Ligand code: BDR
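First comes one chain, alone, set out as structure tokens in the form predicted alone.
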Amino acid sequence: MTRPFQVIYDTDPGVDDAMALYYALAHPDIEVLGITTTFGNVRVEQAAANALYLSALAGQGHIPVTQGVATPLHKASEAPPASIHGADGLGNLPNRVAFDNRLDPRSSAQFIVDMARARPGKITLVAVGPLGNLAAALRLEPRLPQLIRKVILMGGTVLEPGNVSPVAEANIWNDPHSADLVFGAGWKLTMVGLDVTHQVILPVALFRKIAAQQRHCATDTLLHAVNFYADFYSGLYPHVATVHGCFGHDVLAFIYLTNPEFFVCESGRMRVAVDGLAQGQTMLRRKPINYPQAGWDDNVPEVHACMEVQAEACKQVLEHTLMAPWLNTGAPSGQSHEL
């Protein structure tokens, strides 16, 4: 039976990306059709390796994984943030179980286009990294916004201070030119940005509880990665340190997919600053003013931006989903729960 939400997951795993992937795999209403990878939290080769590893570890090695763009569209590349996600993107895992799943030979952009053409109006793109793969797919198929059901992206911020500059969020800042193209493409798009993700703090204790319930190498690996991630955020934000937790950035994009009633959105025209001190800033036209500055006319399509969230409801649905029996509990555990 076809599940209600058919998803291509565009990602740069990444600890919170791993969290989001396992939520998607565990949720009974989500069918992950493919995982397309990009640079961002790690280099694209590592992102692809992590996507292969995480899906195989969870017994989902049949899901196609592709490797996508390696660099921003125009700006210079930045070094991946090893202090946040670890040099390997998953909290510096001490070991990895061997698997034999391999990359789909298509580029991430080509995979998106092929799937959209095969299932017009059915697919939701959930993008939680820099948006180069989506921009490249638009160049391959200009009709893509008419073929895709909707786009949900984790990135950007409207009112909340940025996390790589006072005004910019990391995913958008990493490839601002691609982001501006994606926001202006004309598809049904919702931005799940820092305005809401900074309101949802997930304690390590939650993932320890999940790992104890599931007793599986996949949830052990996630616990290890989240613990590393939480150490970073707890060292940066005193209010996060009180629970030894982390922000639920990327998983919020999937929770918006399954439970949009938890969120309050605003609509408006969105543009991205592509250079200067404001590089990566996501600017939402919140009032219908005829601005004299070019770039805000009627040709710019409206998008939605999440501005408020029911944080406790999000945590509850995450816990409920990952505590359910979605994994093969007979699989050998690859790591200790104490990692």
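As the structure is a prediction and not an experimental result, all values here were calculated from the model. We number the residues from 1 along the sequence you see.
Heads up, the form predicted together with ligand BDR isn't pictured, but that's what we're talking about next.
- Figure note: of the listed segments 106-114, 141-149, 68-76, 246-254, the one touching ligand BDR in the predicted complex, with heavy atoms no more than 4.5 Å away, is 246-254.
- For the residues Asn227, Asn163, Asn101, Gln199, the 4.5 Å heavy atom test against ligand BDR in the predicted complex is passed only by Asn163.
- Exactly one listed residue, out of Val182, Leu90, Ala211, Met154, brings a non-hydrogen atom to within 4.5 Å of ligand BDR in the predicted complex: Met154.
- In the predicted complex, Thr221 stays away from ligand BDR, with no heavy atom inside 4.5 Å.
- Proximity of Val128 to ligand BDR in the predicted complex: non-hydrogen atoms within 4.5 Å are present.
- Remark: Ile123 does not count among the residues lining ligand BDR in the predicted complex, judged by a heavy atom distance of 4.5 Å or less.
- In the predicted complex, at least one heavy atom of Ala170 sits within 4.5 Å of a heavy atom of ligand BDR.
- If you take 69-86 and check each residue for a heavy atom within 4.5 Å of ligand BDR in the predicted complex, you get just His85.
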